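The chain below stands alone, shown as structure tokens; this is the form predicted alone.
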């Protein structure tokens, strides 16, 4: 074989190898991971909603592969170790749902500068509240912070509760007294007031309690029992795992014929309120939803599309479809749904502004 022929063969072989290499690169999937907050991946709340958004992207786009880490505990070091495990295994987009990740991401964003973080319901800070000026905040170009107008979702379920209550007595159970939970509660109280003023209801919040954690199931059930004993027939929980106890108490009472309900939080919690696994009846009146799944989905997409808003804080509102009620609400009457929609339009057209602070709420309900 001549030298020229050999050279041509080598060129062809080299081109083939290059094409094969390009083909392999083009089909390589981006690895997207998640670290769970309090609770499990199937908590029917924040973790599950975030994970569902990630998995939906994987199923629809076919361009990512996914995994999650569930730390044994909830200390900063546990979160940092879980993040490091994902990074070491090639995961370069990591979703962290919840304010408890704030201090971990404050460190991780510098430790892993080539990793993209989607921090939901938090902003990276050093957690040092001993300083007069408070914690030091820093959001790197590899981080986006996503927040929600929880007060707008709380407002809608407050209107629905006032219109649906038979006793006119309502309750609120919060987990930890942190801004997202507070905003849910402020909006809830404002929604009840709005319904009383505009739709002729006479409902009132009889009990408004913070349990102090997001994982005390027994504590949630005990609080709910006391509320239902007072004649409260609808409880809005914004309490994570504590809300599991609220649901347990409501299901037990409904099974025995008592007409009580729970308003879910973060995700559509209709299934969480079912009296039996194979039945249709649920104690979930409706849910104050945050589109956590949409946030995870959209910002993964933004990263892969080259439009990731690194270093920014994004707030999703009712106008963005970032918060709201489930598409289906079997326990709400048609009249209630119509009036909730009327209240929603008042917010969207600017004729009513939902209080987002205690001071604004006090001024509205006085």
Partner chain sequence: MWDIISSIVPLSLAYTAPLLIIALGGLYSERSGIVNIGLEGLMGVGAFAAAMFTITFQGSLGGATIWIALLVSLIVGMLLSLFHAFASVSMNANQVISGTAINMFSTAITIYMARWLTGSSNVQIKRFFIKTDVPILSDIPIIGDLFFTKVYTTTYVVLAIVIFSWFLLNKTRFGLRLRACGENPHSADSMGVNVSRMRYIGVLISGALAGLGGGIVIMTYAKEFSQLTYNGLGFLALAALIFGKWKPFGILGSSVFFGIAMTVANMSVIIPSLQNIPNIFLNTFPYVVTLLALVLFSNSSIGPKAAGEPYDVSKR
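These numbers were taken from a predicted model, which means no experiment stands behind them. Positions refer to the first chain, counted from 1. So that the term is clear: the rigid core is the largest set of C-alpha atoms that superpose within 1.5 Å between two forms.
Another form exists, predicted in complex with its partner chain; not displayed. Remarks below refer to it.
- Here the marked residues 68, 249 and 273 all reach its partner chain in the predicted bound form, each with a heavy atom within 4.5 angstroms.
- Of the residues 332, 318, 41, 304, just one reaches its partner chain in the predicted bound form with a heavy atom at 4.5 Å or closer; this is 41.
- Checked against its partner chain in the predicted bound form, the candidates 148, 184, 101, 214 yield a single residue with a heavy atom inside 4.5 Å, and that residue is 214.
- Interface residue remark: residue 294 is not counted as part of the site for its partner chain in the predicted bound form, having no heavy atom within 4.5 Å.
- Its partner chain in the predicted bound form is approached by residue 230, whose closest heavy atom lies within 4.5 angstroms of it.
- Although the partner is absent here, residue 255 sits close enough that one of its heavy atoms falls within 4.5 Å of its partner chain in the predicted bound form.
- Shown alone here, residue 180 lies farther than 4.5 Å from its partner chain in the predicted bound form, counting heavy atoms only.
- For its partner chain in the predicted bound form, the listed stretch (160-168, 103-111, 274-282, 193-201) containing residues with heavy atoms inside 4.5 Å is 274-282.
- For the stretch 178-211, the set of residues having any non-hydrogen atom within 4.5 angstroms of its partner chain in the predicted bound form comprises 207, 209, 210, 211, in sequence order.
- Residue 258: CA moves 2 Å or more between the shown form and the other one after rigid-core fitting.
- Annotation for residue 127: C-alpha shift under 2 angstroms between the shown form and the other one, rigid core superposed.
- When two forms of a protein are overlaid on their rigid core, residues whose CA moves 2 Å or more are considered shifted, and residue 77 is not one of them between the shown form and the other one.
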